[in-house]
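So this first bit is one chain, no partners, the form predicted alone, shown in structure tokens.
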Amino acid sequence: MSEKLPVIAILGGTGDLGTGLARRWAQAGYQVIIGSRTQDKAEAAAADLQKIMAERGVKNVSVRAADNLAAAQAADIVAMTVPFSHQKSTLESVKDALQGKILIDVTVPLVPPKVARVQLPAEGSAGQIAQALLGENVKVVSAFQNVAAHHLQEGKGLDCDVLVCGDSKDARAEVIKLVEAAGMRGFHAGSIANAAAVEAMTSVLIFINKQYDCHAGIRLTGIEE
């Protein structure tokens, strides 16, 4: 008997990063819910994604739309891909719906206009902010900050590793399964406190991308496949 895959919601999932993750998880057989602050915006993003996937010959995928609260309520695992400025308000709006679940926080504390400069919050990291706000009954896992949305949108092989931080090893393992389903390698990278280093690396990569006109990621060496 095959394992039943969890339903995944992506809050604030209408942008390039959110729809890129949605595409890859849907291709891997997961049911995906794209969430947004408004139902209309979520439906438009889901329709566009379904059209693109159909044009590229990807069939039998499950992608639907909902507002953020309904998406969080319906999902087994929730990912959040909102700007740092909207992180707290989004979490507060879905806090009750996240209890007992895993939250994959993809938030990066970028402070425009100097997004290529590391500017971590006083709390340490966006991941730590989420864990403190939601409480210990929500297993916050920080991941995917160093992956270029451009590559996720390509829908094919991706030469990039994902560092996964969180206080629950079991929750990190579940997220690593989703990293692998999206076509990348995932690695346990310690507690949620370590998310600060991963989030900071995003600004470094933004600087590198601008300097070399590329979409750089990270790759770990010295680890056997």
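Sequential numbering from 1, following the sequence displayed. Note that the structure is predicted; figures quoted are calculated from it, not measured.
What follows is about the form predicted in complex with a further copy of the same chain, which we do not show.
Colleague: In terms of non-hydrogen atoms within 4.5 angstroms, which of the given stretches 62-70, 48-56, 29-37, 184-192 touches a further copy of the same chain in the predicted complex?
Modeller: Contact-bearing stretch, as computed: 184-192.
Colleague: Going by a heavy atom distance of 4.5 Å, is residue 196 a contact of a further copy of the same chain in the predicted complex?
Modeller: Because a heavy atom of residue 196 falls inside 4.5 Å of a further copy of the same chain in the predicted complex, the answer is yes.
Colleague: Residue 95 versus a further copy of the same chain, in the predicted complex: is there a non-hydrogen atom within 4.5 Å?
Modeller: Close contact is absent here: in the predicted complex, residue 95 is far from a further copy of the same chain, nothing within 4.5 Å, heavy atoms only.
Colleague: Report yes if any heavy atom of residue 132 sits within 4.5 Å of a heavy atom of a further copy of the same chain in the predicted complex; otherwise report no.
Modeller: No, residue 132 is distant from the partner.
Colleague: Taking heavy atoms only, is residue 44 within 4.5 angstroms of a further copy of the same chain in the predicted complex?
Modeller: Residue 44 lies outside the contact set for a further copy of the same chain.
Colleague: Would you give me the residues of 105-122 that have any heavy atom within 4.5 Å of a further copy of the same chain in the predicted complex, in order from first to last?
Modeller: Contacts from 105-122: 116, 117, 118, 120.
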